[in-house]
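Okay, so here's just one chain, in structure tokens, the form predicted alone.
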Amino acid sequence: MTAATRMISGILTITEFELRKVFHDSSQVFVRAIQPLLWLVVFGGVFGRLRVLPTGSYSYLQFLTPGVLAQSVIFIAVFYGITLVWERDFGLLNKLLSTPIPHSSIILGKTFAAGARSILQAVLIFLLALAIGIQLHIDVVSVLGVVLVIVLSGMCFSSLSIFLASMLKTRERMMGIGQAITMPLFFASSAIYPMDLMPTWLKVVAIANPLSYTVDALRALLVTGDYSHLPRDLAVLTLATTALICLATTSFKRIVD
């Protein structure tokens, strides 16, 4: 078996293992849908009535839906490192490291699984958005584009979580840092308000925030149909994902040290 074949086989094995956890306990998918439901129905409903945010020819609920979708991805991915620490504490990670699977395959498999889990969450949000009458642009191209963006974003932020887990090493610290970075990343993006409304310092942060490009890509695919910035968004997400996966891979062994 060649090195490339062994790596691909390892990625698929880890991904399948991670997805089996979801299918064995699918309730977590529905529990995680509660927060997006509140954002769309309560927050979106109130601000949609106030009409204080300039969203052009689109309703605020249309504007908000891609942001809520991006939020659900980051909430799944950023807490992924906690699972890795839990596996270490129960001895599962040591068993995994004793297999011939390359470390890079373990990281790629887990991050790809995070992206796949985010797709399941996205389906629920789509159904919710359609149920409350939000008009979205849905065709083959947009659906495939949304899947690509979600998988890239899931891999990006889950690799960030794994890197942080290798530095912090305990579930308590990971819970704390997860809470500390998810909401700032969410609010320092264009998820719930246009970037033009931000003060200059926050706009600089938003430009450096990968979540902004996730939201921008999803909004283009689902709402506006304007794909002019889509290549830039995908390029930034790909670059950020690659850099964070490299960081997570190089620091991975610190988790068990």
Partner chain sequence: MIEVISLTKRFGNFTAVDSVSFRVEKGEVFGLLGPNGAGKTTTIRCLLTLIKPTSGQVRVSGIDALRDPQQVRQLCGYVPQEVSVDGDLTGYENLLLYARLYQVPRKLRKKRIQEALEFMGLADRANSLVKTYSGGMMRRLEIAQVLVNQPRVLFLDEPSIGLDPAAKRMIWDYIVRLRDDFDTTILLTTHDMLEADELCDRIAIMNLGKIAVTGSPQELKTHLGGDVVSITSKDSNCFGVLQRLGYRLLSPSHDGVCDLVVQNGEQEIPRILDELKQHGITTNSVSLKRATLDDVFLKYAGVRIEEGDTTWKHARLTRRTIRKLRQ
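Keep in mind the model is a prediction, meaning the values are calculated, not measured. Positions refer to the first chain, counted from 1.
Below: the form predicted in complex with its partner chain, not depicted.
Heavy atoms within 4.5 Å of its partner chain in the predicted bound form are found in one stretch of 86 to 94, 113 to 121, 176 to 184, 70 to 78, which is 86 to 94. Not displayed here, its partner chain is approached by Ile101 to within 4.5 Å at the level of heavy atoms in the predicted bound form. Put simply, Thr249 is far from its partner chain in the predicted bound form: not one heavy atom of it is within 4.5 Å. Within this chain, Ser9 lines the site of its partner chain in the predicted bound form, having a heavy atom no more than 4.5 Å away.
At the 4.5 Å threshold, heavy atoms of Arg171 reach its partner chain in the predicted bound form.
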